[in-house]
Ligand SMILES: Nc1nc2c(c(=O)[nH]1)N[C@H]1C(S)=C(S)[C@@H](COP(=O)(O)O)O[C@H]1N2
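Have a look below at one chain only, the form predicted on its own, in structure tokens format.
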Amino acid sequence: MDSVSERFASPLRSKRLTVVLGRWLALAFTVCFATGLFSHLLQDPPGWMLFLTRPEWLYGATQGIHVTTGIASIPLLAAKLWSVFPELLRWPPLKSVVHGLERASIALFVAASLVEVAIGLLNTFQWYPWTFGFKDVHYWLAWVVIGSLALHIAVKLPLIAAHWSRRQEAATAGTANAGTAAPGETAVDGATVSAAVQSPLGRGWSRRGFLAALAAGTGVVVLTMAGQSFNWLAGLNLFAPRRMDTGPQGVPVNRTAAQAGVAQAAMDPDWVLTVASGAVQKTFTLAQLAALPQFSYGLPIACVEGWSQGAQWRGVRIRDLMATVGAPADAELQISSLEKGGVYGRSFMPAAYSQDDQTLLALELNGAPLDLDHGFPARIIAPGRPGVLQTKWVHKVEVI
């Protein structure tokens, strides 16, 4: 080891520790990637997409897991970088073309991971101190992270296999250092260590103690933030930006009517809902909608920022509403909001949702007319659907 990296040496650092941290981080990133991909495909579905409306809490659970594992990956990533930091300072930085490519893949993985977890965390607080579109950048960076992680694992696979378990590490070290260890000593990471002091490394922490402390710290971070996603942890929610059972009518709000600029139009007594299928078109006043058969369901609203909240919704079934204009059962719908432009101005509803019994044009929430910030006079609520697609302040539903 050269003099620069030697200054940052620690008896806690070892290839075995790095492999264990890598396993934890790879698991967190893989779960986060899979659940994030599911959310992205629901919002921008390909032609083959299968839309699952049951269980009703599916999207809330997957997005809660996505945000929770993303938060958990922050201390894990910091610990992994700490464990390999002296290696990054070794001189010369490039020993060969292969070594250069290996370090380039590591640099790409580290840079993409740091940006990805940082903007993901800021998104949960709805703070966007940048000019690019969060969703697309977050999505494509996720592919860069998972791709560079797979490449890194492939490059380091022999080392990972050699240090995957203590037994494998001891066997590898014993083979590499045969005859160099004295009786009562074991070769570890190229050095002979007395069996009596292998667990407590020096007077400080042991590696096992370090991993236990990291697991405990990560657990505390998760437990004090996951309460915005899972009601059985709501009592421990200290730091998440959303809390259950808060906001108008006991449900949190992401985007208010004032932010959307729809307050005047939504409160207009002349508001009507337009329902259209081809040349057939009907309009309904709020009173006329309330006179149609009403249905009530307990459904969660779950948002991409990770929070979810169950509530009781009451209104007209979308399939009944579309039947009034003779819409085909397999029709895809376009839902238009009073809010103009942007990602909230309209949404598209595949037939899997529009034909579901529990998909409503909701008029009431928790036993009272919708609050203005919850989408008065009418909004969409459907099972297993991202909150960003549960369009508020609806004024038109039409067959595409």
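Quick caveat, the model's predicted, so the values are computed rather than measured. When you see a residue number, it is the position in the sequence shown, counting from 1.
Form predicted in complex with the ligand: not shown, discussed below.
Could you spot which one of 117, 72, 225, 303 gets a heavy atom to within 4.5 Å of the ligand in the model of the complex?
Residue within 4.5 Å of the partner: 303.
Have a look at 140-148, 268-276, 155-163, 249-257 and name the one stretch with heavy atoms inside 4.5 Å of the ligand in the model of the complex.
Looking at the other structure, the answer is 249-257.
Can you tell me whether residue 356 touches the ligand? I mean in the model of the complex, with a 4.5 angstroms heavy atom cut-off.
No, residue 356 stays farther than 4.5 Å from the ligand in the model of the complex.
So, in the model of the complex, is residue 63 in contact with the ligand at a 4.5 angstroms heavy atom limit?
Flag for residue 63 set to no.
Test of understanding: in the model of the complex, would residue 18 fall inside 4.5 Å of the ligand by heavy atoms?
No, residue 18 is distant from the partner.
Is it the case that residue 387, even though its partner is missing from this view, gets within 4.5 Å of the ligand in the model of the complex, heavy atoms only?
It does: once the ligand is placed as it appears in the model of the complex, residue 387 has a heavy atom within 4.5 Å of it.
Going by heavy atoms, what in 361-398 lies within 4.5 angstroms of the ligand in the model of the complex?
Contacting residues: 373, 374, 379, 387, 388, 390, 391, 392, 393.
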